[in-house]
Each structure stands twice: as C-alpha cells, then as structure tokens.
Ligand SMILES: C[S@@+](CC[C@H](N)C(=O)[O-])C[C@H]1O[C@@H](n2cnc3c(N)ncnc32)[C@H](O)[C@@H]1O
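Single chain ahead, written as structure tokens, the form predicted on its own.
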Amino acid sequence: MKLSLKHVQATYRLWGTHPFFYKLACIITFLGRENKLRRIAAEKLYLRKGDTVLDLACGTGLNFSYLEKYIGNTGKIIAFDYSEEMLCSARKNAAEHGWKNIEFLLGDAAELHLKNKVDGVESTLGISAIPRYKEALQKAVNALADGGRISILDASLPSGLWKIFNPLIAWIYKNFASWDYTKDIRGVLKSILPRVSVEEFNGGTIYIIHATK
C-alpha cells in the first residue's frame, strides 16, 4: 500500500491542474458536508486575530476562507504543499479573494522546517497521502508554539454494511488521491502529544483529530 513521493506528486499534479474536479472530489468524499466539516476543523484551532497558522498539504487552498475568518488581515497563513500545481491553484484562489497574508511554501512535509513557531496547524485529507507521515506529524508538532493547536481532518473506510465496498473505495482513493487508509494518524499523534481528542462524522468515515501542544 505504501506509495512514493513521485506517485503523490503525479497524482496532485493532475488535481492541481484541474481544481474544479478536485473540489468535486472533496464534495463526494465529505458526502456533501465539506463546508461544515472544514469549518469545525478550523474552529478546533481556537485561533485569534493576528495568529499564524500552518495549512499543511494545503492543496488548492480550500481551507483558506475558514482560517482567514479567525486570523484576520493581521494574521498569517503558511500554505505548504509538495505539489507545485496545487500551490499554483492555491495562489490563484488567494488572489481571487484578495488575501495577501498567505505565504506559499513548496516541500516535503516530512522535512518541514519553519523559521518561526506557529499558533496552529491544520491539515485536511493531507496526512493520509504523505508517505513519511510519522515524520510529517512530528515536524508539524515541532512547528507549534507551546499552547498551539493542531487539527487534522481526514478519512477512514466505512464500517457496517458499507464495508463490502471497502476494496473498491481503497483502490479508487489510492490511485486517484494517494490515500493510504492503513496510516495510524490517531495513534502516532497520541504518541507525540499527551491529550488528543477525536471526533467522528459521516458514520465514522470522516474524523477530526485535535490537540494542544
């Protein structure tokens, strides 16, 4: 199931080049509740005006509007992604909305190093697509200031009657989103931070992990 960075880059080069279809894929993944779930994930950061937040694996910038609501013009978003195409779409998104407080960084999340600490870290459907996700989670926590918050919005395979479709779902998301359902994001984060909370949505197929450093 393990995928290489080249596979991830190729996958998100396609999505970044076609942001409309990426948005459509997100709507399907979140079963039409994308806006609500992204809003809840941003709320869990408890951001204030003037704060700096890292949007890890930012994609096309679909989290920006929710984060901007809390940090305001005096705050800052650090948009970090491995795909140049995704960052290009994210820049266009920011320009269309007039957001000038966003810094765009290209790189491998497992090698993340920021000059200054941040007040919050958010990642949506990103950690599960990062090959060296354990290192990426540790780097994300390292980037947080003491008292800073992390919020991860990601997905799991269905349970119950719907699990008969799991092989198909896993194949589709592996090949078209570089998603690896075997990653133990919850367990790894719990091994790094002392108090981690998990909330499940959409019958357990979507979850939000949040914690304070």
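As the structure is a prediction and not an experimental result, all values here were calculated from the model. A residue's number is simply how far along the shown sequence it sits, counting from 1.
One more form of this protein should be noted, the form predicted together with the named molecule, which is absent from this view; the next part is about it.
- In the predicted complex, the named molecule sits beyond 4.5 Å of every heavy atom of Gly75.
- In the predicted complex, at least one heavy atom of Leu125 sits within 4.5 Å of a heavy atom of the named molecule.
- In the predicted complex, at least one heavy atom of Ser83 sits within 4.5 Å of a heavy atom of the named molecule.
- Shown alone here, Glu135 lies farther than 4.5 Å from the named molecule in the predicted complex, counting heavy atoms only.
- Contact with the named molecule in the predicted complex, defined as any heavy atom within 4.5 Å, is confined among 108-116, 139-147, 92-100, 67-75 to 108-116.
- Distance criterion of 4.5 Å from any heavy atom to the named molecule in the predicted complex singles out Cys58 from the list Ile152, Val53, Cys58, Ala42.
- Proximity of Tyr12, Arg38 and Pro131 to the named molecule in the predicted complex is complete: all three residues have a non-hydrogen atom within 4.5 angstroms.
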